[in-house]
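Quick setup: the C-alpha cells below cover two forms of a single protein chain, split into structure 1 and structure 2.
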Structure 1
C-alpha cells in the first residue's frame, strides 16, 4: 500500500528530492531533512513512494540503495530506464539524462531495468 495521508514529513521528503539533481540514499535523505526524523519512518516513506511509482530505487556498488524521482516512465508500456552513474573514486551517484533503449528479452515478463555505469567522473579525472 502506498502513501495515503499528506504528512509534514512526506512533504519535506518530496521537497528534498525535487531540490536534488542527484539520487539520494536513505542516509543522505535523513541528513538533508530539516527536522529530525526517525530512520524507520524514512524507510517506510521511501517504500510507499516507490510503491506509488513516485520514486525509483537502485543498488550501488557498496550495496546501498539510492532513490530518485521518476521522470515519466509511468505512461506504461515500454520498459524505460534512465541510467545511473557512480564514480568509483568519490562514490558520487548521478543520473544520466539520455534515455537508454534496451532490447527486451523474450524469456521473461520484464517490468523494469536498472543500468548502472561505473568509472571516474570529470572532477575526479582532472
Structure 2
C-alpha cells in the first residue's frame, strides 16, 4: 500500500503531524483538520503513511493508538526505535528522544517492539 498521490488532505495531515511536538491519536488528528476531511479517509491515510514508514504507531494504556512522525524510516526498514511515555495523571503522551537498545533473542526475527513507560510527567509532579 503506498501513498500514491499527494492530495490536499494528505498535505493537511502531514502538516498537523509536523506542527505537533507530541504523538497524536486519530481523534486528535481529526479535531485538528478542517471538517471537510472525511474520517475514513484519514484512517486510510494513517494506514498508508505507516506502511510507507512516514509515521509509526503505538498503543496507550487505554488501548488507543497514537501516531508520530518517523525519523529515517522507510517501508522496508524501521530505524526509529524509541520509547514512549504516558502520564497516568494528565494522560499526555510523548516520545522519548533517546533510542533504546533491547536484547534480541537468538534465532529470532523481531518485526515490532513497543515500549511504553507510564508514570507522572514533570507538570503533574509540580
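The structure displayed is predicted, hence computed values, not measured ones. Between two forms, the rigid core is defined as the largest C-alpha subset superposing within 1.5 Å. Numbering follows the first chain given and starts at 1.
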Form selected (criterion: the form predicted on its own): 2
Post core alignment: residue 31 C-alpha displaced by 2 Å or more between structures 1 and 2: no
Shift of residue 107 between structures 1 and 2 at or above 2 Å (CA, core fit): yes
